[in-house]
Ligand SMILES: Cc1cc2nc3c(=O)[nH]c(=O)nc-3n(C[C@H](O)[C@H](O)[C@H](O)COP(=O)(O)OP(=O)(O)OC[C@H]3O[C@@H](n4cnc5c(N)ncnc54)[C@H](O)[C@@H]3O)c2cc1C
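Take a look at this single chain, the form predicted alone, given in C-alpha cells.
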C-alpha cells in the first residue's frame, strides 16, 4: 500500500475532527489536510445526536454546564462561543433554529444535513477523507508517523487527535485515542458512561416498563441531595430513563465507581405536592370513593399501573379490597411514596447506551489556547478525549466545535512560518 503524507493529519472524523480540519484549511488554505477515520464513513456519531436532529449547541452554555477539568475550557469557549460557532455553520450552509431552552438545531431538522454540509465544505476545501484507516501508533518527529491497523503509514507535520470517547462502540467509540495518548506519556483518568440510563432492582420497576411521569427526580448519595431535575421520567425493565435521568447519571456513575461505594438513591416525585397535602388529598379520596377497589384507588390521579404498584408497596391489602379499608397509616405511607418514592441505584447502562464519556486525558499537559500537547509538541487533542464532559442539551457538541476550532487554527498557524 502507498504511504500518505500530509501537512496536517486529523485522526477521527467526528464532530471535533471535521471542524478542526475545516478550521485548519480556513487558516492556511495552502496546506494538505487529511482526515483519517476508522469506520467506512465519517460522522456516524454525529448522525445520532439530538435524536437525529443534531443539537448543534446551546446559546446558554456556561462553565456550570460542564464537569471535569472545566477551567481548561475557558480560552477556547471564550474565543469560539455558541454564536461564533453558529456563524461558522451558516458559512457551511447550515442555518440554525434556536429554541426557547437555548438548544439549537439545524433548520432542516436533520442531523444528516449537518454532516452533508460539513463533508461538502471539506470537499470544496480539498481536505481528503481516508476511511477504514484506524491509527494504532504515533511516532513523534519533525514528520509524525501514524501507523494504521492495515499496515499503512501516514506522515504528517502536525497531528490533531480527535478520536472521541468510549461511547457508542458500534458508531466508532472506543479506547484507541486514550491508548495513543498514554503511549506518549499522557495521564488518563478512569472513564465512566455519562448521560446514560440508571439501573435499579428490576423487580421494583419491571411491571412499570414503558410508563412515564412528568415531574421531578432527585439523586442522593448517602442520603445527601446532590442534584434535582424535572421532565419526563421513563420506567424501563432495568430501571429509569428519560432526559432528567440522563442529566443525573454522571453523579450516580461517579459515586458508584468509588472504592467504598456509597448508597445512591433516586427519589421520584410522582406528584408535585408535599406529603401533607397529598395525605389530605388521599383522605378525601378514601371518603369520596370508599367503595372503589384499591386497584383503581389512584386511577385518574396517576397512571393506573403505577398507582397499583404504589398501593401494593404502601399497604398489605389485596387490590380487590375497598378503598374504605385503607387506614391513616396506609395513607401516610402512600402519600410518602407519591411525594418521594426512593429507589436504590445499582449501576448504569454501559458505553453503548451512553451519550458521552466522563473522565479522560488530564488537561495539565496541554496548552488551553492551542490544544497542543506539552509532552509531544506538534500533537493537538480535541473534544471528548479530555477529562471534560457536559450536560445534555448541546453542550458536548459545543465543546467539540470549540476545541476543534482552537486546535485546527493553532496547527495551521504553526505551519505558516
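As the structure is a prediction and not an experimental result, all values here were calculated from the model. Positions refer to the first chain, counted from 1.
In what follows, reference is made to the form predicted in complex with the named molecule, a form of this protein that is not presented.
Enquirer: Looking at the named molecule in the predicted complex, is some heavy atom of each of 168, 383 and 395 within 4.5 Å of it?
Expert: The answer is yes; 168, 383 and 395 each reach the named molecule.
Enquirer: Quick one: which of 290-298, 206-214, 337-345, 160-168 gets within 4.5 Å of the named molecule in the predicted complex, going by heavy atoms?
Expert: Contact criterion met by 160-168 only.
Enquirer: Heavy atom to heavy atom, is residue 373 within 4.5 Å of the named molecule in the predicted complex?
Expert: No, residue 373 stays farther than 4.5 Å from the named molecule in the predicted complex.
Enquirer: Check whether residue 193 has any heavy atom within 4.5 Å of a heavy atom of the named molecule in the predicted complex, and answer yes or no.
Expert: Contact with the named molecule, no.
Enquirer: Would you classify residue 24 as touching the named molecule in the predicted complex, given a 4.5 Å non-hydrogen atom cut-off?
Expert: No.
Enquirer: Quick one: is residue 228 in contact with the named molecule in the predicted complex, heavy atoms, 4.5 Å cut-off?
Expert: Answer no; every heavy atom of residue 228 is more than 4.5 Å from the named molecule in the predicted complex.
Enquirer: Heavy atom within 4.5 Å of the named molecule in the predicted complex: which of 85, 135, 264, 240 fits that? Just give me the one.
Expert: For this set of options, the contacting one is 135.
Enquirer: So which bits of 216-252 sit within 4.5 Å of the named molecule in the predicted complex, heavy atoms only?
Expert: If the 4.5 Å heavy-atom criterion is applied to the named molecule in the predicted complex, 216-252 yields nothing.
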